[in-house]
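Presented as structure tokens, the chain that follows is alone, the form predicted alone.
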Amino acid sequence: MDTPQYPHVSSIDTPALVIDLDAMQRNLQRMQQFADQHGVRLRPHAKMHKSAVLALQQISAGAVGVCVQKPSEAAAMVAGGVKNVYVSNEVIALSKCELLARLNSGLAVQNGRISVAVDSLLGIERMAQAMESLGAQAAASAPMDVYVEIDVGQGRCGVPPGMAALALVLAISQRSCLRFAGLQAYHGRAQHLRTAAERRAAIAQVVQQVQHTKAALEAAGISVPLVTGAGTGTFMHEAASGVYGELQAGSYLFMDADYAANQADPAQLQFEHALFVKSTVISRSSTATDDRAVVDAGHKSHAIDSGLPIPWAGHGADWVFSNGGDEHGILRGSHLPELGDTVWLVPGHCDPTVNLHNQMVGVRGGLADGYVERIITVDARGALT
């Protein structure tokens, strides 16, 4: 039987967003095995890859579903066949609540569901209004799971830990179309604290705040079904706490340069870079004062909110990437690549980098001599609402 012929990795035009599928699969397996061994659910954040295909791959490996941050992202996931989606963010606009209600109703017949986070009475009222617009019977037969978010250090959304959550839980319980599903407790800033000691100390404080909130609710006769949160930088601490039942880590799948800059923790899994921007050297200059190679990957191909990309370690070089503007990147160092050479870059932040591309090229067999196995659509690109 003939072996199918696939395009060689060298055929990928640049700049292009490329996934090393072998490295990605190893990352996926490591994280799922960790969750299984620690008896916690894994609900990875699909806002990172924005692809229903990759979400389904994670679910097939054992994840219970995925997280997103926006209702339009949830719609893109559902359209791609994902049946369990948690919007781990506040939704206030009635039109967006109505979208989630419709998605939840449609998934209910497939044994699926939508869930959402709240941190205000208005959020609860709007979601209940949207659910009730479907009809009393439909709303009651497939209630919306609602998580109360507490601010455990992020300084963004969430009510203060403790009694502030009680009023929201009581308001949820008064609506037959809503169901209290647990607490959302995510500390995003802790993910990027550079030292292992800092991250460990931050999550220790988070766990105390979650325990305090649970105790306040239980004292009022309310059980907390689940605590969900955690990210790629700290998930091992949440898993070990005995308090969290679900992990929301997402970046582990691709592992960007910013996360890789964190000091390793002995308890931390090691993930591989799996997302790259393939670029080509389009200009070369060598003078007594400036030796540089210019590649065709600028800000339009990679996000810089968490720093500039770094050259792939597989080049075995000391190259340093610097800002060249929208369309260009500048490399300096020794033994620089020549005109037409390929340079692989590891993005500083994978989430917004993915959002700049319509598709990702899946490569099997490595970056140096692999082949293109598949094209993966970025289904939720630009899903900002």
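Numbering starts at 1 and follows the sequence shown. Computed from a predicted model, the values in this text were never measured in an experiment.
Another form exists, predicted together with another copy of the chain; not displayed. Remarks below refer to it.
Using a 4.5 Å cutoff between non-hydrogen atoms, residue 214 does not count as a contact of another copy of the chain in the model of the complex. In the model of the complex, another copy of the chain lies within 4.5 Å of some heavy atom of residue 92.
Although the partner is absent from this view, residue 339 contacts another copy of the chain in the model of the complex, with a non-hydrogen atom inside 4.5 angstroms. Another copy of the chain in the model of the complex comes within 4.5 Å of a heavy atom belonging to residue 155. Here the chain stands by itself, but in the model of the complex one stretch of 101 to 109, 283 to 291, 253 to 261, 133 to 141, 283 to 291, has heavy atoms within 4.5 Å of another copy of the chain.
Contact check at 4.5 Å (heavy atoms) against another copy of the chain in the model of the complex: all three of 69, 119 and 326 pass. The contact residue chosen from 330, 53, 317, 64 relative to another copy of the chain in the model of the complex is 330, the criterion being a non-hydrogen atom within 4.5 angstroms.
This chain appears without its partner; in the model of the complex, the one residue of 245, 307, 188, 160 with a heavy atom within 4.5 Å of another copy of the chain is 160. Along 337 to 360, residues 339, 340, 349, 351, 352, 355, 356, 357, 358 each place a heavy atom within 4.5 Å of another copy of the chain in the model of the complex.
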